[in-house]
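Below you will find one chain, with nothing else, as structure tokens; this is the form predicted alone, and questions on how it binds or moves follow later.
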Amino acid sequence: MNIKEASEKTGVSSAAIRYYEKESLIPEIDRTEVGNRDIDDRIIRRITFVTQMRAAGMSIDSLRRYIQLFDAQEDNTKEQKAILQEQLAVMEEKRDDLQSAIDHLNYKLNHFYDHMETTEEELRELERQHAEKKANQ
């Protein structure tokens, strides 16, 4: 299939596919006699993998390293697992930060009348005092 068809099949833009190839995130794509990319299922699977790992927040450098280890002849399973575990730790930390923010917003909503109104009124009073002080200078 050509790059447009591969783009439609994977949901990845043609520009991104070219970028993945340029950055060695996918293998060099075979070309037809007229020079068009000839993308097969092997490349489609690689594009899908790269897309999933990027969605998981993996950096281009880490992804490239993982792919180099995968493509190497020797068994690099330990290093590959280490890269994935490191990325998982990063994602879990982001999830925890996001959960903390969600919990904070839920608290604010659940205690809007006994917390937020009081806090906002205190802030309004501080703003009034500040404006008064500036006006008297």
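Everything numeric here is computed off the predicted structure, so don't read it as measured data. Counting begins at 1, following the sequence as shown. Rigid core here is just the name for the largest C-alpha set that superposes within 1.5 Å across the two forms.
The same protein also has a form predicted in complex with the DNA, omitted here; what follows describes it.
Interface residue among Val90, Ile44, Leu84, Ile60 relative to the DNA in the predicted bound form, by the heavy atom within 4.5 Å criterion: Ile60. Proximity of Asn36 to the DNA in the predicted bound form falls within the 4.5 Å heavy atom cutoff.
Among residues of the shown chain, Lys108 is not one whose heavy atoms approach the DNA to within 4.5 Å in the predicted bound form. At the 4.5 Å threshold, heavy atoms of His104 stay clear of the DNA in the predicted bound form, well away from it.
Proximity of Arg31 to the DNA in the predicted bound form: non-hydrogen atoms within 4.5 Å are present.
Along 10-41, these residues reach a heavy atom to within 4.5 Å of the DNA in the predicted bound form: Ser13, Ala15, Ala16, Arg18, Tyr19, Tyr20, Arg31, Val34, Gly35, Asn36, Arg37. Taking the rigid core as fixed, one finds a CA shift for Arg42 smaller than 2 Å between the shown form and the other one. Core-superposed comparison between the shown form and the other one: the C-alpha position of Lys94 differs by no less than 2 Å.
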